[in-house]
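Just one chain follows, in the form predicted alone, and it is written as structure tokens.
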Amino acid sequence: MEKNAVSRTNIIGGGEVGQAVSIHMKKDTVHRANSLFWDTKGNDLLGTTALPHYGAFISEEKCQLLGDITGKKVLEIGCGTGHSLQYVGERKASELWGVDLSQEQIKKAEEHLTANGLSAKLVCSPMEEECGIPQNYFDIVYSVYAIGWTTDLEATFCRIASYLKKDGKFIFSWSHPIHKCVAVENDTLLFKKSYFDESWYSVTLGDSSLTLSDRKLSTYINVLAKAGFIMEELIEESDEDMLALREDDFAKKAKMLPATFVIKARKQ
């Protein structure tokens, strides 16, 4: 992976963290870097985001996007430690499946689900690649703060469409792209990067690194349509009750602009 000399803003929460450097994206190298990150320090540095939370200040309990899961075949993209699979499993889904880039995350998910009396078919693979998941099989595919890790959004959405039955639901969340442009400094919001910049960058957090691209909201919507989905709902407003529980810079920022977005779409 070639790095150039251009440093750039990396925003997590209310302000800038880590050192971000623009890069030329190479798929295999990105996969190795990000799988290593989640194999080692990912949960320690970024924590775990799982249902009922879709991310900062948006929850399934308030939005009710999944509906009745009873008897449904469900697949999670980026299953992480298995806590979201536990959430849907306890709501009587008939089958639980998950895919994740990190073998260590798969191991944690297996251990967590077993400890809670649940089982799932888990696959270690980049989400954009063929990995043996059945087609035209699932009622619901969802992803909680994981879709943004893909190196190929179009390939990922097309694969997800192939997994779903006709009229199946696809629900996913990610950090809102406008949130990644604005930092809090001295109680003031400042734009630190262009919203339209979708270039790839590497971020150093402690002695670990990760590689991402900040895609525009329109990119997600347009690629969804191209993959054969009809978008049914877009949620980007922070929950006032959840905001009231925090008084830090992140919460102040989320009162003025979106921190998270969630999209619910249907396969045609």
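Note that residue numbering follows the sequence shown and begins at 1. Just so it is clear, the model here is predicted, and its values are computed rather than measured.
Heads up, the form predicted in complex with a small molecule isn't pictured, but that's what we're talking about next.
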| item | value |
| --- | --- |
| Triplet 153, 175 and 214 all within 4.5 Å of the small molecule in the predicted bound form via a heavy atom | no |
| Contact flag, residue 145 vs the small molecule in the predicted bound form, heavy atom cut 4.5 Å | yes |
| Close approach of residue 120 to the small molecule in the predicted bound form, 4.5 Å, heavy atom | no |
| Residue 127 within 4.5 Å of the small molecule in the predicted bound form, heavy atoms | yes |
| Interface membership of residue 229, the small molecule in the predicted bound form, 4.5 Å heavy atom rule | no |
| Heavy atom contact within 4.5 Å of the small molecule in the predicted bound form, the stretch among 190-198, 162-170, 110-118, 127-135 | 127-135 |
